[in-house]
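The chain below stands alone, shown as structure tokens; this is the form predicted on its own.
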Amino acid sequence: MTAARAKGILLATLAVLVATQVQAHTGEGVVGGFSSGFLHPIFGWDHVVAMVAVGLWGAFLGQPAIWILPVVFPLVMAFGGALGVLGVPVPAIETGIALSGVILGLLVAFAVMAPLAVAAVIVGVFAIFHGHAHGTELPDAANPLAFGIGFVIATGLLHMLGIGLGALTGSSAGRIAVRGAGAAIALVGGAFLFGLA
């Protein structure tokens, strides 16, 4: 990926995130459900760091992981969301979400080059926790389908942000910066894990 393309992805993602109306958990119907779902992961730092880390790790792993991991996560997350909406219990949701930040951050920080199948399983397991949390926290007034579409799109944009930042790995200084971002993500995940955030 070229630096210009990465910059374009990063700017487009930021523009969408900034332009969105702040209506989290308040709207009714399709529009309110979509807005609530879209803003839900963006305003939860425990979700943001993990979703950005998926894009960063995919960028480290290169083709085809750079695109497969950000597709696996929202697809499996939608399944986890359905489990949450249906009331199917999944143990240790908050712990799983916090661990996703820690582990995915460490995978980026240490530039772990896992096989694609292993990486997809790791990302998929954590996606279940994130999706279940979104599903169980679904606002009563929101349209569940629109909410789900909103949080899947927001997740994809956060992955794109990670991919855009991950494009910095093309230089040695950029690799150090991305690995540093992975370490910061792991620290944020640790703060959630130990109840400090």
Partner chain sequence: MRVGLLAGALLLVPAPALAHAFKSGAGAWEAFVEGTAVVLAWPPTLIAMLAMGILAGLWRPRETGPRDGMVRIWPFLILGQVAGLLLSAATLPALGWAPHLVGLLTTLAAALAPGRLPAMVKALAFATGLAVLAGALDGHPLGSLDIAVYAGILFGANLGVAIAAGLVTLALDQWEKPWIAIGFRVLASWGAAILILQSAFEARY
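Positions refer to the first chain, counted from 1. For clarity, every value in this text was computed on a predicted model and none was experimentally measured.
Below: the form predicted together with the partner chain, not depicted.
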Quiz item: With a 4.5 Å heavy atom cut-off, would you call Ala114 a contact of the partner chain in the predicted bound form?
Solution: no
Quiz item: Can any non-hydrogen atom of Ala120 be found within 4.5 angstroms of the partner chain in the predicted bound form?
Solution: no
Quiz item: Heavy atom to heavy atom, is Gly156 within 4.5 Å of the partner chain in the predicted bound form?
Solution: yes
Quiz item: in the predicted bound form, does Gly148 have a heavy atom within 4.5 Å of the partner chain?
Solution: yes
Practice problem: Spell it out for me: taking the partner chain in the predicted bound form, does every residue among Leu75, Ala82 and Val152 have a heavy atom no farther than 4.5 Å from it? | Solution: yes
Self-check item: Sole residue of Ile128, Leu61, Ile42, Met160 within 4.5 Å of the partner chain in the predicted bound form, by heavy atom
Solution: Met160
